[in-house]
Structures are given as C-alpha cells and as structure tokens.
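The chain that follows stands alone, in the form predicted alone, written as structure tokens.
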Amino acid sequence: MTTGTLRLRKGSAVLSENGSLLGLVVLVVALTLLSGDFLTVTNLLNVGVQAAVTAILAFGQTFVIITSGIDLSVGAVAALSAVVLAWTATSHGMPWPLATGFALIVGIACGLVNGALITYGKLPPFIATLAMQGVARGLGLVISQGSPIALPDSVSHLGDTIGSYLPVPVIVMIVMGVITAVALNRTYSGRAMYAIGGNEEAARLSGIKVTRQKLVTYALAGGFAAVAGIVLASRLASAQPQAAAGYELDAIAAVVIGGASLSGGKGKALGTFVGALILAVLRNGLNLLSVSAFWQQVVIGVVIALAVLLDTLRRRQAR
C-alpha cells in the first residue's frame, strides 16, 4: 500500500471522526457572515439554553443507540416527570427536593419498564418505547387533568441565569454531558454498552450480563429524560403535559449527527453535544434570517437525512 493511499485513508478517518465538529464550525462561520446578530454574547447564550434540553435527552439516547436500540419515549417521559414534580410539590405540599427525587424515580422507572419489555418481553425497542410514549403522555394528562401546573419558585430558578452570563440550563447540560462521558469511557457498564452494540451474542459469550446492562441503559435514558423535563419545566415556570412533544426525534438526530451509528457500537458524548449544538445553531440562525418555520422543518429534515446517509456510507466503508 502506497504512502499516498495511507494518508488518504487516515485523512478520511479523521474527517469521519470529526465531521460533525467541522460542520458546526462551518455553520457558525456562515451564519456570522449572513447575520450580524448571530455572534453576540446574548444570542450565543440563547443558543446554549435552546440546546440544553435536547442535549440532555440526547445524552441519555446515546446510551441506548450505542447498544443498537432506540427510545421513542424520552419526550413523553420528560413531560411526565415534570408533571409529577409540579403535582407533588404544588398540589400536595411535598418539599421540592423530595418532589424532584420522586420525579427522577418516575423517569428511571419508565426506563426500567422499557428495558424489561425489550429484554424479558422480547419486544423490539421501537415498539416497546412507542408504547411507553403513549402511556407516559397519557399519565401526564391524567395527573394534570390536561392543564399546566405551576412550579414552586425554588424549582423555577433552574431556568434562571447566574449573574449575567451563566444560564443554569447550560450548567446542567454540561454536567450531564460529563456524566455521560465518564459513564461511557470509565465504567464497566459503558464498555459493556459498546460490546453489546458491536455484537450482542459475542458480548453474552464473553460473560457480559446483557439483560442487566440493557436494563441499566434504558434506566439511564429515563433518568436523563426526567432531568431534561425538569429543566424544560423550569424554563416555562410550569409543567405542561404536552411539553417536549417531538423532542425524542431531535435527540435521536443529535446523536446521529454527532457520529453515532444506528446499528450500534459507536457513539461519544462529545459528538452528541456537537450534534445538539448543530440543531440549535441551525434553528437559531434560520430564525435570525427570518426563514419561515415551515421551511425550517424542511431544512432540519434534510440535515437528519444527510446524517443518516453519512452513517450508512461509513458502515459500508468499514466493511
């Protein structure tokens, strides 16, 4: 093999690994040239806040996609967790730390049910999590009676800004991103997720308890969804049972745009973070350019399709 061929393959591998980051840089430069309002401190902080909920959901989705699964329930679970927090704290006088803990438990429980349906019930992840989406959304509507529930002031502060330039949702997003990176790179469960996504049968034969690890994976996704729901509710100052509708698709898109493979075995926290930023920057930039909301949906759809196409091409090249 010639030196030129080796360099070409190495360059292709580097581009494949860092394509999303390069895409983000190109997008930022383009929007900076097209709009004088884009590269301002206020707008960049706004982009970070807009990306926060999607990124947190996407971090949880990363665990699932690495194991070659999918979770369509995270948006509904986020809304249900927020409704439970507001309902227990406002309507029943539960102290907000306990109410927050209860909301997190609800999210984790939904994830465990997903995992149980997939591992013990042998349901495809698509069907199991789609069913949970309906159940969680319905329970949120039942508990709230279809109306928003106000959040206690102590919880609403999660949507505030510390000082002038430090939004709390951005801080939560960064913390959840660090937790994701550590879990994937420094823990047994993280390594097991990659092994299961790469070859589930080989992982089982090597001694990995696949059933238990899948339960952990979906429980993490549910817990992250609960955190995202609390952050979203704090920004709105109320828990709305119909909130986060469609957010699961944005979360999946962020993971795939960030370089994860829908066939499993590949994905990184940093890539997911960049993917969420790309979606937020794109939406923000299109708003600044006064692009119709209808056309924005078209553009986002094209970006998602291109990301999946690139994933397919990467897998073909790997073969």
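Counting begins at 1, following the sequence as shown. Basically, rigid core = biggest C-alpha set you can superpose within 1.5 Å across the two forms. As the structure is a computational prediction, the values presented were derived from the model and not from experiment.
The form predicted together with another copy of the chain exists for this protein as well; it is not shown, and the discussion that follows is about that form.
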*Among 221-229, 80-88, 96-104, 135-143, which stretch has residues with heavy atoms no more than 4.5 Å from another copy of the chain in the model of the complex?*
135-143
*Within a 4.5 Å heavy atom cut-off, is P152 in contact with another copy of the chain in the model of the complex?*
no
*Wondering, does L262 line up within 4.5 Å of another copy of the chain in the model of the complex on heavy atoms?*
yes
_Is L24 near another copy of the chain? Define near as a heavy atom within 4.5 Å, in the model of the complex._
no
*asked:* Test of understanding: in the model of the complex, would Y165 fall inside 4.5 Å of another copy of the chain by heavy atoms?
replied: no
*Across 276-302, which residues bring a heavy atom to within 4.5 Å of another copy of the chain in the model of the complex?*
F294, W295, Q297, V298, G301, V302
*Rigid core fit then A293 CA moved by 2 Å or more between the shown form and the other one*: yes
*Is V25 one of the residues whose C-alpha moves 2 Å or more between the shown form and the other one after the core fit?*
no
*Between V308 and L34, do the C-alpha atoms lie closer or farther in the model of the complex than in the shown form, with a difference of 3 angstroms or more?*
closer
*Might you say whether the CA atoms of L306 and F63 end up closer or farther apart in the model of the complex than in this form? Their distance differs by 3 Å or more.*
farther
